[in-house]
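Just the one chain here, laid out as structure tokens, in the form predicted on its own.
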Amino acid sequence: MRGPGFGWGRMFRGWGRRMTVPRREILEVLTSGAKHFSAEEIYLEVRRKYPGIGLTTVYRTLEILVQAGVVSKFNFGDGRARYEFADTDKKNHCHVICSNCGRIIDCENLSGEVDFEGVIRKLSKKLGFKINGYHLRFYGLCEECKNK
């Protein structure tokens, strides 16, 4: 996965764009952890270090990064798009989403416990379709909401 020292300026110049302080700060937020950020959350986080940033700048930068494949955009049914740094080495992506509180958990680490590859093989055989990757979403109640 690309991190803060990756050379973002060179990447932006390759797209015919400049690396600006707001863009760098947005990338820092996105690479800081595994959270699925909304544009508003990114805006609030960047604003702490760079008070002059506008929400429109965040949306524009996110769109550039999504189009470039650097950031993945997800809609989990709560009316807000969520963004996360895209691991370009992974074609497969899986989330478990709490229908009550909206908590989102990545579940890629379950591939040894859940036979995703078996499902892919069965679907491929049954449909005659070569599956190159998947994005799965499971909805339910997280441990905390389930126990309320």
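Rigid core here is just the name for the largest C-alpha set that superposes within 1.5 Å across the two forms. Worth saying up front: this structure is predicted, and the values here are computed from it rather than measured. All residue numbers refer to positions in the sequence shown, first residue = 1.
The following text describes the form predicted in complex with a further copy of the same chain, which does not appear among the structures shown.
Student: With the partner removed from view, which of 37 to 45, 117 to 125, 22 to 30, 53 to 61 is the stretch that lies within 4.5 Å of a further copy of the same chain in the predicted complex, judged by heavy atom distances?
Tutor: Every other range fails; the passing one is 117 to 125.
Student: Would V66 count as touching a further copy of the same chain in the predicted complex under a 4.5 Å heavy atom rule?
Tutor: Flag for V66 set to no.
Student: Taking a further copy of the same chain as it sits in the predicted complex, is V70 near enough to touch it, meaning that at least one heavy atom pair lies within 4.5 angstroms?
Tutor: No - in the predicted complex, heavy atoms of V70 and a further copy of the same chain never come within 4.5 Å of each other.
Student: Whether A86 contacts a further copy of the same chain in the predicted complex should be assessed with a 4.5 Å heavy atom distance threshold; does it?
Tutor: Answer no; every heavy atom of A86 is more than 4.5 Å from a further copy of the same chain in the predicted complex.
Student: Find out whether any non-hydrogen atom of R18 is located within 4.5 angstroms of a further copy of the same chain in the predicted complex, and reply yes or no.
Tutor: R18: no, not in contact with a further copy of the same chain in the predicted complex.
Student: Do any residues of 122 to 148 have a non-hydrogen atom within 4.5 angstroms of a further copy of the same chain in the predicted complex? If so, which ones, in sequence order?
Tutor: Result: K122, L123, K126, L127, G128, F129, K130, I131, N132, G133, Y134, H135, L136, R137, F138, Y139, G140, L141, C142, E143, K146.
Student: Comparing between this form and the one not shown on the rigid core: C-alpha of F138 shifted by 2 Å or more?
Tutor: Comparing the forms between this form and the one not shown, which are aligned on their rigid core, F138 does not shift its C-alpha by 2 Å or more.
Student: Does L62 show a Cα shift reaching 2 Å between this form and the one not shown after rigid-core superposition?
Tutor: It does not, since the L62 C-alpha is displaced less than 2 Å between this form and the one not shown after the core fit.
Student: Please state whether L123 has a C-alpha shift of 2 Å or more between this form and the one not shown, with the rigid core used for the fit.
Tutor: L123 C-alpha, core-superposed: shift of 2 Å or more.
Student: Taking the shown form as the reference, report whether the CA atoms of G69 and N132 lie closer or farther apart in the predicted complex; the distance changes by 3 angstroms or more.
Tutor: Closer together, by at least 3 Å.
Student: Please say whether the CA atoms of G69 and G133 come closer or move farther apart in the predicted complex, knowing the change relative to this form is 3 Å or more.
Tutor: Here the pair is farther apart than in the predicted complex; there, closer.
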